[in-house]
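Encoded as C-alpha cells, the following chain is the form predicted on its own, with no partner shown.
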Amino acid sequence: MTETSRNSAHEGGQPGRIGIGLELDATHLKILEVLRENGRISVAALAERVGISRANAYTRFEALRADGAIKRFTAEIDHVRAGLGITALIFVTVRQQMWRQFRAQLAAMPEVEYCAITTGQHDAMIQVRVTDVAAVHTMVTDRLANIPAVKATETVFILDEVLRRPYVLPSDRGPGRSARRPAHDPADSPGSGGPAGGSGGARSSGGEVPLGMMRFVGAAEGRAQLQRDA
C-alpha cells in the first residue's frame, strides 16, 4: 500500500510517497546532507537544521527509510586504529563462465571491504584492508590464485586515502552549477573572420560541450601567432 507523506507545500514542495518510488525533492536532499554529517542527530535538531517542522522532518525521515533511500545506519571507524593499516586494490580477471563461483568465494573472505564489477582490462576490483603487506601477498598468491574462476590479478597498494566521503548527493554541486562547459565557437578561431579576427585567441561561445572535450592547438599555429604578436 502506498501512503502519502504529510508534508505541506510551504514546508518542502511536492509531497513524496512512502514506499517504492519516493520522489526526492530539495528538502529530502537537505535531510540527507545533515545526516551525512551526523547520523545520530535528533529529529528536533534535524528539523531545525533543515528549516521544517518536527512532524514534517519525522515523516520525511521515515519515508526515506521506508523507500530504501536510507539503507542503514552504521559507524565509521579509523582503520589504522583498528589494526588494519594496509589497504590494497586487487584487479581481477575472471573466467566468464565462473562468475557465480567467484562471487561465492569472495563473500567468504573477511578482508574484502568492497568489490565492484568494472569495465576495461580487468573484470572486477577488490578493496582489502589487512594488517600488513604479507597478508596481501598471502591473499593473492594462496587464496585468489587457487580459485578456478580467477584467471589473473594485479595488485595496487594505496599509499594515502586523500578523500573519502560517506556519500555524494546531486545537491552537492550547488544551484546553478552545470556539468557542461561552453563550447568553442569556430567563428572565434584565429583567421576565421569572427569576433576574434586574425589576431585574437580562442574564446568560448554560448554553446555547450560535455566535460573533458578540449581544443588542441598545433605547434606550427602557435609559432605563427607568436611571430604576429612580435
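As the structure is a computational prediction, the values presented were derived from the model and not from experiment. For every residue, the number given is its place in the sequence shown, counted from 1.
Form predicted together with the DNA: not shown, discussed below.
Participant: Using a 4.5 Å heavy atom cut-off, state whether Ile70 contacts the DNA in the model of the complex.
Facilitator: Heavy-atom contact with the DNA at 4.5 Å: absent for Ile70.
Participant: Are any of the heavy atoms in Val162 no more than 4.5 Å from a heavy atom of the DNA in the model of the complex?
Facilitator: No, Val162 stays farther than 4.5 Å from the DNA in the model of the complex.
Participant: Can Ala44 be called a contact residue for the DNA in the model of the complex at 4.5 Å between heavy atoms?
Facilitator: So Ala44 counts as contacting the DNA.
Participant: Any chance Ala55 has a heavy atom within 4.5 Å of the DNA in the model of the complex?
Facilitator: Ala55 belongs to the contact set for the DNA.
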